[in-house]
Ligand code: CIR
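Below you'll find only one chain, the form predicted on its own, shown as structure tokens.
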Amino acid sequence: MTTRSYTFSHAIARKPSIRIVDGLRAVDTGTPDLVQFQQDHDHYVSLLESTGAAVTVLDPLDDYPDSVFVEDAALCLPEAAIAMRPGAPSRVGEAAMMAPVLSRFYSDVVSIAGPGFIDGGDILVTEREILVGRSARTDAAGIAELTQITAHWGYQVREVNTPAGVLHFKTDCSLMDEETVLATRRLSGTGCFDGYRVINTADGEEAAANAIRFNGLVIMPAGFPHTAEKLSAAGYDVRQVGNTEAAKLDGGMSCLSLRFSPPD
């Protein structure tokens, strides 16, 4: 097993589709504005590129309104890429669309065959293990198949529970470095991060938990000043991106990209 949990040479993103207005959402908080979404997406991509990474930006997929959230469709490890089997019926086809893209970078692209389901947004890869949250989009059979696949490369998969009412495991957490996780108190309070250093989001700023560490930057949603201050005080180079429109579709910073270093 190679451990490179936050240092990446590549990323894949996808432009939001005009049909983003039809995207899934747990609670209707308004219709996403495509122009604002695209502006925020461009800013996000520019930050990834600023670290020296090569970012592939794919064209919109109008048949899949949620396909801007590319993370759910795949898991990219140093050894291979794994096409997921998303738990929302309207999103299952996104993984098949992503597989040939991954083949540009990986000679080994594996697919979750089913019958289980698993979303990339429920998977947190750390230096020591792969944490997978059970959720409405990820079931036991999907986790079992991922466990079997990744064991080939020496990974340990640990199943944890996503808090009730939370869409994805990574809605409430993100990896900051080899030993540090940013998390909401409702998630860290379950003990799932025992053995890690935990930085809790500030009270009332739980939506800040979905951030990404990408090379030298921590990229987080704008509008959560106290959590940003916590991260800066801990020594991270924090950059903030508008996320008002993605948030209307339960999306965040990790959802918008696949981050990886392909095999040499």
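Keep in mind that what you see is a predicted model, and the values were worked out from it rather than measured. The first residue of the shown sequence is 1; numbering continues from there.
Below: the form predicted together with ligand CIR, not depicted.
Inset, instruction - State the residue from A99, L77, L175, L167 whose non-hydrogen atoms include one within 4.5 Å of ligand CIR in the predicted complex. - result: The option sitting close enough to the partner is L167.
Inset, instruction - Please determine, with the chain shown alone, which of 138-146, 101-109, 185-193, 67-75 has non-hydrogen atoms within 4.5 Å of ligand CIR in the predicted complex. - result: Among the candidates, contact is made by 67-75.
Inset, instruction - Report whether the minimum heavy atom distance between I12 and ligand CIR in the predicted complex is within 4.5 Å. - result: Because no heavy atom of I12 falls inside 4.5 Å of ligand CIR in the predicted complex, the answer is no.
Legend entry - 4.5 Å heavy atom contact, L249 to ligand CIR in the predicted complex: Answer yes; at least one heavy atom of L249 falls within 4.5 Å of ligand CIR in the predicted complex.
Legend entry - Non-hydrogen atom contact V21 with ligand CIR in the predicted complex at 4.5 angstroms: No, V21 sits far enough from ligand CIR in the predicted complex that none of its heavy atoms falls within 4.5 Å.
Inset, instruction - Answer yes if any heavy atom of T162 is within 4.5 Å of a heavy atom of ligand CIR in the predicted complex; otherwise answer no. - result: Outside the cut-off, so no.
Legend entry - Partner contacts in the predicted complex for 74-93 (non-hydrogen atom within 4.5 angstroms of ligand CIR): Heavy-atom contacts within 4.5 Å come from R91 alone.
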